[in-house]
Structure formats: C-alpha cells, structure tokens
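To begin, one chain is listed below as structure tokens, in the form predicted on its own.
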C-alpha cells in the first residue's frame, strides 16, 4: 500500500506493516527553502514550495498544510504579533472587557483573512501529492479559540459564569464547523482539532464545558463530512486522555509531557489511534540525528504490534530543527530494524551542561519562575505566562519574575537539574506551585502572598 493508504489503515484501526509517519512541519517547512515563518504563513507560492520540500525530504505518510492556530482569531478581531521563526501569537482579546457573544455573521468564510491563500495552497497540495500523501487540515479548537477571544478571564469565567462559557464555546464550535467545511471542500483527508489549552484544565471542567462541543465536532467530521479526525493537544494532558477519547475522535495526538505508551493503553480501550510524541526541543531541536533515531526506535520497540499508533513530533516543529534530525526520525520509522542496529550502542551526551540554580533560601524577594516551551509560540505557555505577568503587575518590585524557555539548551539542563517534568509550570522560591494548570489571578496572588 502507498503511504496515504497506510495511514488510512491505521485510522481504520487495522494492523499495519509499520507505523505511519506524520511530521508536523508547520513554520519549519520554511527552513527547507530559506524563507521565514511570516513568509510561509502569508505567501501562497512560498508555502507550497516549502510543503513540497517537506514531502520530498521527510517522506511523510501524512502532513499538515498550515499549522497556525491564529487563523480564526485573526478573522474574529484579534491582532497578531508576527515572528520570523515561529507562528504568530495573539496580541489582544476582543472580549477582554465585554461578556458579549460575537455575532454569527463574523464566522470564518472562504474570503476572510488569510483563508483564500490557505485554501488555494490546500488545493494545490491535493493536486500535487494527494494521491500518495494524506493531507491534514488543522483548525483552532473551541477552548483555545475562546481563550484567544476572551483572554485569561476565561479560566475565572468557568467558575463565575458557566452559562457564558457554554455560549462562547457554542460560538467557537460554529466557527470550527465553518473551518471544517472549507478544509474538506479543499481536499483535506484528516481534520485535526488542535486545542493546546485542554491540558490546562481539570477532568471536571472538561466534562462540564468541553465534552459536548468536541463530541459534536467529531460527530460532524465523521457523519456529515465523512473524513478522518484527530484531537490534538499540547502539555501534560494525561488526566484528560480518557475524557478526550469519550468524545469519539478517530485519533488523538500528544506531546512529550505525556507517557505515550501508558496513554495508548487508555486509547486502546476506546479503539482510538494515538500519535506523537518526539520531544520538540530536547531531541528534535537540540539533539543529534542519532538522538532522533534512537528515540523513535526505542518508542516503537515498546509496541506489541503496529496498530492504533502514529509516529509524529509532539507538536508543531520548531523552525530551526536541523533537517538531518527530522530525516533521522523518518529513517527510524521507515526502516526501523536498520536504524535500531545503527544506534544500539549510542548514548546521548547533549545536555551535559552545568547550570547554577538560585540560592532559594536567601532570596531578597520572592522569585516566580515560569518554565515554558516558549510563551511566544505555545498557546498554553502564553496564557500561563500571561497569568504571571498580571501578578507581576500587581506586586511590582516586591517579587522577581523570570521565564525559562525550553527552546534553549541551558534551560533544558536547568529543568533536568530542578526535576521539572511538565510544561508549562510555575515555581515560587524553587517550589512547584502550578503544573499544567493555568492558575487564576487570585490563586497565583495567594501563592505569592504565602511567601511574602
């Protein structure tokens, strides 16, 4: 069978001869052709050229066309901050000072924002590689979109005004259906609902606010549009894996914060495919080609058979991932036995870096440390850092605040030394206070006051 058929067989829950490979090369695609992240997300020809290079070099069974969770937010009134080496981020929240629900007349349409460029690129990729490669259409999930519109207040709204949150989620579901319609019409084979902030809430809140919206979207994809679906999350979503499965996607995709083998055991109970989770920074960005090969080989060795499993990066690949690293990961999927022989005696020494930790017992003032993948590109990290910045604005010079981005080698070594296991998280005076749960302003202020 060809690569696309292999992926489809996996999504139909069949045993296959090898695991399928889906490199989530969003802005990273631009690196292959020498264009930056802004160009890749605004120029159709440059986007298509880069995607074709992804297809040629990385030999994917499936690949996304665009990985930008701000497409809908931009259409709905959010200003964006653009970057040369990452996707844009949301700069403002139209509903930050109002609890109105936007008019349905503002929902995405084929001629809104950057949609004409995106849809044309999808059609061109379908014509070029659609017979052999499954194409993914990625849309912003309803909870993350609600957060883009409302800002950090959405987390307090879940306690203070549950009906407003449900109404806003309903609007975001309608936005999702519009995007699904457009993507399927443009030839996308798999619709991925990407919602990073799912990892930042409790099971109870998921069941109260998210179960019905996601179940409705996956039902719509399956029954109305008759294509495959994926539920894509970032961060430590371990506690929510089962409730995610209950919304009935064909597959879910997780990042390095999740023990993917343990999560697969849960997914298998619901016959849901799981994908992931090559670490984005410690392996793909800062590791060697051998590190990437070994990670994939070791992960595949833990499987009893190639069923309900997709190998993929944990999320959108960083722009600067060395090309040879992704080729190494691809090689490990496509030729697992040969790759296993090549790295059987390999030991990584990539992060043998000395870092000095603060003297937490003798600080002049409380120190709030926020460990993120990168608050400029990771939605969950953006809102975690946003909560910390609000509290810094309240306490001002009474506290110190620092962000440690996991994209930097020294900070990876720092995380290892401190025992940081999940991102994003907040430490105060060297003690873990919030892990994969975005705190409300009141909760974070209380935590700071405890050490003042």
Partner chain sequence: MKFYLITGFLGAGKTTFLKNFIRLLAPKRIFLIINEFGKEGVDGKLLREMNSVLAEINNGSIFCSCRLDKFEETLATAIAQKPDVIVTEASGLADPTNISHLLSKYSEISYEGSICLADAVQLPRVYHTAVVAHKQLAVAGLVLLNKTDIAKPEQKEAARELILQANPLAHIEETEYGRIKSDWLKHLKPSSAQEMASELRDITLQKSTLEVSFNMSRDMMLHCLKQLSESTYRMKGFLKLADGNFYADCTGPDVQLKPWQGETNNRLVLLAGRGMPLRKAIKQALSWYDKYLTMIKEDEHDG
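Positions refer to the first chain, counted from 1. Predicted model, so just to flag it, every value in this text is computed and none were measured.
Although not depicted, the form predicted in complex with its partner chain is the subject of the following passage.
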Look up in the predicted bound form whether residue 259 has a non-hydrogen atom within 4.5 angstroms of its partner chain, and give yes or no.
-> yes
Heavy atoms within 4.5 Å of its partner chain in the predicted bound form: does residue 276 have any?
-> no
With a 4.5 Å heavy atom cut-off, would you call residue 332 a contact of its partner chain in the predicted bound form?
-> no
Would residue 325 count as a contact of its partner chain in the predicted bound form, using a 4.5 angstroms cut-off between non-hydrogen atoms?
-> no
Among 375-383, 150-158, 332-340, 175-183, mark the stretch whose residues have heavy atoms within 4.5 Å of its partner chain in the predicted bound form.
-> 150-158
Looking at 215, 353, 81, 101, which is the one with a non-hydrogen atom within 4.5 Å of its partner chain in the predicted bound form?
-> 81
The listed residue (188, 280, 210, 125) that reaches within 4.5 Å of its partner chain in the predicted bound form by any heavy atom is 280
Is it the case that 85, 200 and 263 all touch its partner chain in the predicted bound form, with a non-hydrogen atom of each within 4.5 angstroms?
-> yes
Residues within 4.5 Å of its partner chain in the predicted bound form, restricted to 218-239 and counted by heavy atom | 234, 235, 236, 238, 239
